[in-house]
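A single chain, nothing else alongside it, follows as structure tokens in the form predicted on its own.
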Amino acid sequence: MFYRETGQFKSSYKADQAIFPLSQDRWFILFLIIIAFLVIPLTASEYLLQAVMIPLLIFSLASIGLNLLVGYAGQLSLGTGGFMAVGAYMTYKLTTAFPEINIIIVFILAGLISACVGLLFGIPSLRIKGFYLAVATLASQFFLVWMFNKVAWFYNYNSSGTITAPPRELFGITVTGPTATAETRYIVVLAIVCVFALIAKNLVRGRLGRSWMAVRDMDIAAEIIGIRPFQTKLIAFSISSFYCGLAGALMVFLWLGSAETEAFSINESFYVLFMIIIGGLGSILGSFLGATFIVCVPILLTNAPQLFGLSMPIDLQKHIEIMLFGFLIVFFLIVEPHGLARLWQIAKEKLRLWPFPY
């Protein structure tokens, strides 16, 4: 079979610890990169980019951030929507107050502000854990959304209460605002997600990632061997909030164009949590798979009646869509509680042993 590591020798620890040690994996990732950066922008319609690919990438970034906190550090959080709101509103304030700053730098600064806010709300993690910590982060969700809704300074005293992405350029090309094309916005989002997904992958493979997993598995034992649980948890909260804040900034400026606080409600926090549960806790790949499932399945269910030539009332179609979506979530969790990433891992293991029994 083609998926074999026979003959692929590693002569150094660096080669043995590579992210993709097998040449087949490297060629597969290169193929996906070519498809994502070249084929999709040139062939995809505006609807596919705007309704599927851009939100898929943005929610993948938010899922990576939450997975770093929940999947790797073991700290349950329900405040993802609030931290995404911090990134979005801070990006709006920075772009309107300092229009000369590069938009990428603005995204990074907004993510850093979100990291500081996450650091603040991560302080209770020293004393509480599990569902009690989830309730504490849920309080941050409601508080942040309430603050952005009530304090008019955050939306520049706009009578409508909405924030709108102003037009900004990157290397002479408009990337935000109503005149930015879907292809341009897709390329920018894809580049940012690829860079920070690679950073996250290296974080979890290093010393910090091992500290997170030690605290997740048994915090008392981790403290005995010299790991500082409080410091480790706070770093996890801050980095997770950075990713979520960056995702919130991209959500408004490179996808929606304008938004109110309702765009960052508790539903968004649950959606992102469902993504990492379905995709696989403690897996960067699982974040992408879970986001693909949550974003694409409702679209497929919505368009399924038209594919079969069926006509039904909109409200009935929506109810059936919600029931089928819930059924698919339960089905996948029963089939593989460890998520879609585990199914992909099993498929690769079977492929490497084929045709021998597994």
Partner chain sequence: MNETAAPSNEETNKNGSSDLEKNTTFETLLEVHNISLSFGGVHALDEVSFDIRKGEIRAIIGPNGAGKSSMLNVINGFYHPQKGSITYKGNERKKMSPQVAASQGIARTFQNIALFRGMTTLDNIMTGRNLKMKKGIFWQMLHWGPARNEEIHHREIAEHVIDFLEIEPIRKTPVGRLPYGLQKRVELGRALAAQPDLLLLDEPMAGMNVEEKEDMCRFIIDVNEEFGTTIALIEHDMGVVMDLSDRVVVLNYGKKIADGTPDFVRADQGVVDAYLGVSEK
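Residue numbers count along the first chain shown, from 1. Basically, rigid core = biggest C-alpha set you can superpose within 1.5 Å across the two forms. Predicted, not measured: the structure shown is a model, and the values here were computed from it.
As for the form predicted in complex with its partner chain, it is not shown, yet the points below apply to it.
Relative to its partner chain in the model of the complex, residues 168, 174 and 192 are all farther than 4.5 Å at every heavy atom. Here the chain stands alone, but in the model of the complex its contact with its partner chain, taken as any heavy atom within 4.5 Å, falls in 198 to 206 among 73 to 81, 270 to 278, 133 to 141, 198 to 206. Using a 4.5 angstroms limit between non-hydrogen atoms, residue 216 touches its partner chain in the model of the complex.
Although the partner is absent here, residue 239 is a contact residue: one of its heavy atoms lies within 4.5 angstroms of its partner chain in the model of the complex.
Contact check for residue 151: no non-hydrogen atom falls within 4.5 Å of its partner chain in the model of the complex. Taking the partner from the other structure, its partner chain in the model of the complex has no heavy atom within 4.5 Å of any heavy atom of residue 108. Proximity to its partner chain in the model of the complex, defined as a heavy atom within 4.5 Å, holds among 125, 283, 95, 211 only for 211. With the partner removed from view, the residue among 147, 227, 234, 182 that has a non-hydrogen atom within 4.5 Å of its partner chain in the model of the complex turns out to be 227.
The Cα shift for residue 336 between the shown form and the other one, taken after rigid core superposition, is 2 angstroms or larger.
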